[in-house]
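This document starts with one chain, in the form predicted on its own, laid out as structure tokens.
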Amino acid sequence: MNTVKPLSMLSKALNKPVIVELKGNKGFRGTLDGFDPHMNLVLKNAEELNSGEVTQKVELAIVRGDNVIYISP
């Protein structure tokens, strides 16, 4: 059985575009610049999303891991 660990998946997504869905119908879309074992994320050239609509663009976003529902490449 081939199991993929979440942190190894994030390693493969470094410097690539991702969509991060957060609690409360919020999210970010941007380039994954870094992460830690708690799945805290650093996104560059990010767009903040609220109910799927872009609300603002930010050069750098730090997302706390316990707010993340999923990360999609």
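The first residue of the shown sequence is 1; numbering continues from there. Quick caveat: nothing in here was measured; it's all calculated off a predicted structure.
Below: the form predicted together with a further copy of the same chain, not depicted.
Engineer: Taking any heavy atom pair closer than or equal to 4.5 Å as contact, tell me whether G52 reaches a further copy of the same chain in the predicted complex.
Structural biologist: Result no; G52 lies far from a further copy of the same chain in the predicted complex.
Engineer: Any of the heavy atoms of N45 lying within 4.5 Å of a further copy of the same chain in the predicted complex?
Structural biologist: Taking the distances in the predicted complex, the answer for N45 is no, it never comes within 4.5 Å of a further copy of the same chain.
Engineer: May I ask you to state whether N40 is within 4.5 Å of a further copy of the same chain in the predicted complex, using heavy atom distances?
Structural biologist: Residue-level check for N40: yes, a contact with a further copy of the same chain.
Engineer: Is there a non-hydrogen atom of R64 within 4.5 angstroms of a non-hydrogen atom of a further copy of the same chain in the predicted complex?
Structural biologist: Yes.
Engineer: Who in 23-44 is close to a further copy of the same chain in the predicted complex, meaning a heavy atom within 4.5 Å?
Structural biologist: Heavy-atom contacts within 4.5 Å come from K23, N25, K26, F28, D33, G34, F35, D36, H38, M39, N40, L41, V42.
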